[in-house]
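The data below hold one chain only, encoded as structure tokens and taken in the form predicted alone.
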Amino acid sequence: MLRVGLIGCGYIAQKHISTIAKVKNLKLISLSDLDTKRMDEMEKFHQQESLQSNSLSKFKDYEEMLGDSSIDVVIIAVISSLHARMVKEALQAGKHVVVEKPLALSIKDAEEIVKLADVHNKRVLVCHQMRYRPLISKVKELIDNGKLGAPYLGVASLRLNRSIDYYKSASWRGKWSTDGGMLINQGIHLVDLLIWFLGDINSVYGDLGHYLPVKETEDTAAAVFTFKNQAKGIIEANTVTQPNNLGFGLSLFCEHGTISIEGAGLNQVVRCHVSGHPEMEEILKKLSSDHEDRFYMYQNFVESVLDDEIELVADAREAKRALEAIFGIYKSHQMTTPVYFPITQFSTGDMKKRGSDG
């Protein structure tokens, strides 16, 4: 049984707590938050979800939690700018880690986390849970087993609404140094899936738009990737869709087929053609009703902790690839020229320091 401590008792903590209650060999025993009321609320929520009345240990100081030898796994669900520091401290304290996206806000921090995880032989799961969605993982399987043939083009669309009030409601939102940007927060899942499907990036040309005066970060983004296998990738993303969210889109155009998935939950199969496999459309549509991606994510995490031979699908190395792709867009916008990979140095703070607000 892996014993879990959760740092950060905001809204997203509920998703972790409800999922943990369903996963074998995982038990929540501790909470940490600066707000004791929020810890009390999450304790009650945990009791409801787990159908148990046991109390949880509570720490206002997360470093005290890290010093608790009874904890095997730490979940980090705080603001983006604190992720990297807390992950590194947890690894140094001998804990396995689950961290909300993004892993970090700089290449340097992401690389240090990868190295620390290796040195301490600990797992770092980054919550790119969409990789675990059965519909999405089946598409990945079709690519990997060659049924779709060579990939030619991938297109990712993000069309959301984030109001001025949304940014005013928390002082850290919309700032390069604490938030990281729209692509880092709202767009990273689609970026991650695009590169998971299409492979290593050779270059990117990106451009950003900034319109809302209450924030520093981008409101719109457009980018064209060239992958090492010569496939192209297009990302168009915005948080100014009126009057509310329109949803997501992810399409693949390949040698032997086309797959297009859309919708508010990215679960509507609008096109599935795989040459020689007419049954695949019905298979994907059936899979689209399974939304237990967080459960499968945690299940993979537990199995990988208990068995070194089991690969962690969304580890720190993989999360670093998604960050690097987005940093490539940001850097290209600043330089007004294509950027070639790998990118060895960049942070979201560089966007502010260099006077680039989009």
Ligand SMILES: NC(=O)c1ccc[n+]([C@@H]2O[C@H](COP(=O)([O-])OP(=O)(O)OC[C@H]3O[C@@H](n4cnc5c(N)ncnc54)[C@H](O)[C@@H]3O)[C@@H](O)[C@H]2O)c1
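Treat the numbers as computed from the prediction; the structure is a model and nothing was measured. Throughout, we count residues from 1 along the sequence that is shown.
Not on display, but discussed next: the form predicted in complex with the named molecule.
Residue contact with the named molecule in the predicted bound form: L34 places a heavy atom within 4.5 Å of it.
Shown alone here, Q129 lies within 4.5 Å of the named molecule in the predicted bound form, counting heavy atoms only. Although the partner is absent from this view, Y296 stays clear of the named molecule in the predicted bound form, with no non-hydrogen atom inside 4.5 angstroms. When contacts are judged by a 4.5 Å heavy atom cut-off, G10 counts as touching the named molecule in the predicted bound form. Within 4.5 Å of the named molecule in the predicted bound form, a heavy atom is found for every one of Y62, V78 and H189.
Of the residues A222, V240, A170, L212, just one reaches the named molecule in the predicted bound form with a heavy atom at 4.5 Å or closer; this is A170.
Just one of T258, N245, N185, S106 comes within 4.5 Å of the named molecule in the predicted bound form, counting any heavy atom, and that one is N185. Residue heavy atoms within 4.5 Å of the named molecule in the predicted bound form occur in exactly one stretch of 83-91, 248-256, 137-145, 153-161, and that stretch is 83-91. Looking at 84-102, the residues that come within 4.5 Å of the named molecule in the predicted bound form, counting any heavy atom, are M86, E100, K101, P102.
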